[in-house]
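Here you get one chain, nothing else, as structure tokens; it is the form predicted alone.
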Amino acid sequence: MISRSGAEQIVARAPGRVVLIGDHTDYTGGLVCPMAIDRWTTVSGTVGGSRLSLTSDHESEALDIALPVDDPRLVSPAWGRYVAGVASLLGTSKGFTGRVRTSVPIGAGLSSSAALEVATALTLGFEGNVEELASLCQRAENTATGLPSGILDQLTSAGGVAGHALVMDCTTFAREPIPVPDDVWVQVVFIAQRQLVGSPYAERVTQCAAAEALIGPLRSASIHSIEEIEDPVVRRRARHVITENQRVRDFATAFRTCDLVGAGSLMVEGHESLRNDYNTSTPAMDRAVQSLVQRSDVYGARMTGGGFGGCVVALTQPGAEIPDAWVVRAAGGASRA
């Protein structure tokens, strides 16, 4: 689109996501089951000049940097590093001035950073398929922040399917859309602000790598193989990943057959594993999950995302009134207007 002044105008948006089952499996190439949600980050503006300048409706400090970007890790403000990481990998040299708006809660574990990266890439002219877009944005985040995160968030934001959850293989990037049953609501409750950079997240990645050095890829390891791991902490980490991969398979089957009780039970099992074997839950999140699963109109609940704070997600009967919760619906993936 061309503005009255003759400058090229671009608008792109990308959704956040919620993980129904399958946390901390993506960076070992495992299985996940997220869905893109109807909360969006939009980047809009005009092409021109030699600087990348963005204001954000949710950040007090604007981003204004020269192009091309040499080292996104040095960019200030901190939120701009996600943008700068994308620009650096794209080799962006043509300037852009614009605005960021979002309805994805920041710091809530719903992938506001991935939505920003994906929308930015489309705004800055990325051309390629969903897998390439997700891979570029994952590398941008890894480079810009030093966080060794997997591809779950970016692949969900780029490739979401309206009305469907996604069963995704984080090695092959294969995605199978699974219809979200009509007679269920997905509700999200915010518990506490969190930031994965500086959290024990990277330690968990290292521990999984240590397990794989002993028993091979966790995506294909048997549960019996963890007995070969002497370190009890590393053994627990491996147990979570192996059992969580199986929970993703079982959850997909439950959703396909509309077995909501079974799906909810798997969510609770997943939360217990994240709490006991992976130690990424918090007392507040545990209390929230316990309170939710005691209700007769809730099929299941669990923490969602990287942990150490953020949100819990609940599978409920339609019309269930959960205090301070909001209903999210499965949305389509990123797009450029």
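The numbering used is simple: start at 1 and walk along the sequence shown. Everything numeric here is computed off the predicted structure, so don't read it as measured data.
Just so you know, the form predicted in complex with a small molecule exists too; it's not on screen, but the next bit is about it.
Chemist: For the interface check, one of 251-259, 144-152, 96-104, 77-85 should have non-hydrogen atoms within 4.5 Å of the small molecule in the predicted bound form; which one?
Modeler: Result for this chain: 144-152.
Chemist: Quick one: of Trp185, Tyr201, Phe190, Phe173, which gets a non-hydrogen atom within 4.5 angstroms of the small molecule in the predicted bound form?
Modeler: In short, Tyr201.
Chemist: Examine Trp40 and determine whether its closest non-hydrogen atom to the small molecule in the predicted bound form is within 4.5 angstroms.
Modeler: Contact with the small molecule, no.
Chemist: Is Gly309 close enough to the small molecule in the predicted bound form to count, meaning some heavy atom within 4.5 Å?
Modeler: Judged by the heavy-atom cut-off of 4.5 Å, Gly309 is well away from the small molecule in the predicted bound form.
Chemist: Under a 4.5 Å heavy atom criterion, is Gly30 part of the interface with the small molecule in the predicted bound form?
Modeler: So Gly30 does not count as contacting the small molecule.
Chemist: Given that the small molecule is not shown alongside this chain, does Gly45 nevertheless sit within 4.5 Å of it in the predicted bound form, heavy atom to heavy atom?
Modeler: Judged by the heavy-atom cut-off of 4.5 Å, Gly45 is well away from the small molecule in the predicted bound form.
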